[in-house]
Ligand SMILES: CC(C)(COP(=O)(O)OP(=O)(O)OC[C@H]1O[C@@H](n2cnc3c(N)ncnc32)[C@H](O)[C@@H]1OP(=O)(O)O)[C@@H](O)C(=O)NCCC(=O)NCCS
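Just one chain follows, in the form predicted alone, and it is written as structure tokens.
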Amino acid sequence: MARSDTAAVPIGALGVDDLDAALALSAEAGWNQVAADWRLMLRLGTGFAARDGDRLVATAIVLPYRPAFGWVSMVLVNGPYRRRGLATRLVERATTALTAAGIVPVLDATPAGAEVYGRMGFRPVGNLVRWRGSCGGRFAGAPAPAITDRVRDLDTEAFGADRAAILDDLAGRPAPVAVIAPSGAGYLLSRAGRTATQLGPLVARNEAMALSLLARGLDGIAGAAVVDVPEEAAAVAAHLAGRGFVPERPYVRMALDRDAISGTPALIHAIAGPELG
């Protein structure tokens, strides 16, 4: 098939049997996901795949957070097939799947992607910055404390939807660090990534608790780390800058035909990542 003839590339289902090829796509793009991330999203969501013959050349995943909204993520296209409409077709398929279920599609886009998604009806609802730096702590590799009902309730209030399955998955991994306030009024989780430890979500009732949890988390990590910070969380950004972290890239949070989504943004001091929300 000619590389320009992507209209003939069929879109079908993406499954766990595609894991190695999907990992190769995210690694080619320089993204941070590992196999456990792909497995989580495929278990809780629906994957779409574009194939040229037997070769996986593009992906997208929808991750529903019923009944409020659903994330469109892992929109990846193999290099030779880019800028030929495959990503748009996949996002349209993912968006249709969510809207057909009565769920508002949401995504975190790069500025370049935001221009494309804007033409599809997505509107900005928030801005984020990924910070990257190095930590000199010790990687303990121990499972997180149990996620309590108070933590789940706090997260639902902050995020605007129930994502207990996501929290339980992250807490069950041998993550680099996890910190949960004894009161249940704040928590920080993390996950090992391909290029860096991803710190987040970080949810807390107030700024002081968020900074305390973040400091404890950073002190427990060895090596590279990334944190995706909402623009409203200026104190977190300042703390990271004080530790030598630098902004790596911005993201625009967007929702289809909406100017806002549910939740309490003031409680969110770092997100779980652009693929998880």
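Fair warning: this is a prediction, and the values are worked out from it, not measured in the lab. Note that residue numbering follows the sequence shown and begins at 1.
This protein has a second form, the form predicted together with this ligand, left out of what is shown; the following refers to that one.
By the 4.5 Å heavy atom rule, the three marked residues W31, L86 and T110 all count as contacting this ligand in the predicted complex.
In summary, among the residues V75, L154, A178, I147, the only one with a non-hydrogen atom within 4.5 Å of this ligand in the predicted complex is V75. A single residue from the set R93, R194, R82, R123 has any heavy atom within 4.5 angstroms of this ligand in the predicted complex; that residue is R82. Among heavy atoms of Y117, some come within 4.5 Å of this ligand in the predicted complex. With this ligand omitted here, the record of contacts in the predicted complex names 102-110 of 155-163, 102-110, 127-135, 186-194, defined by a heavy atom within 4.5 Å.
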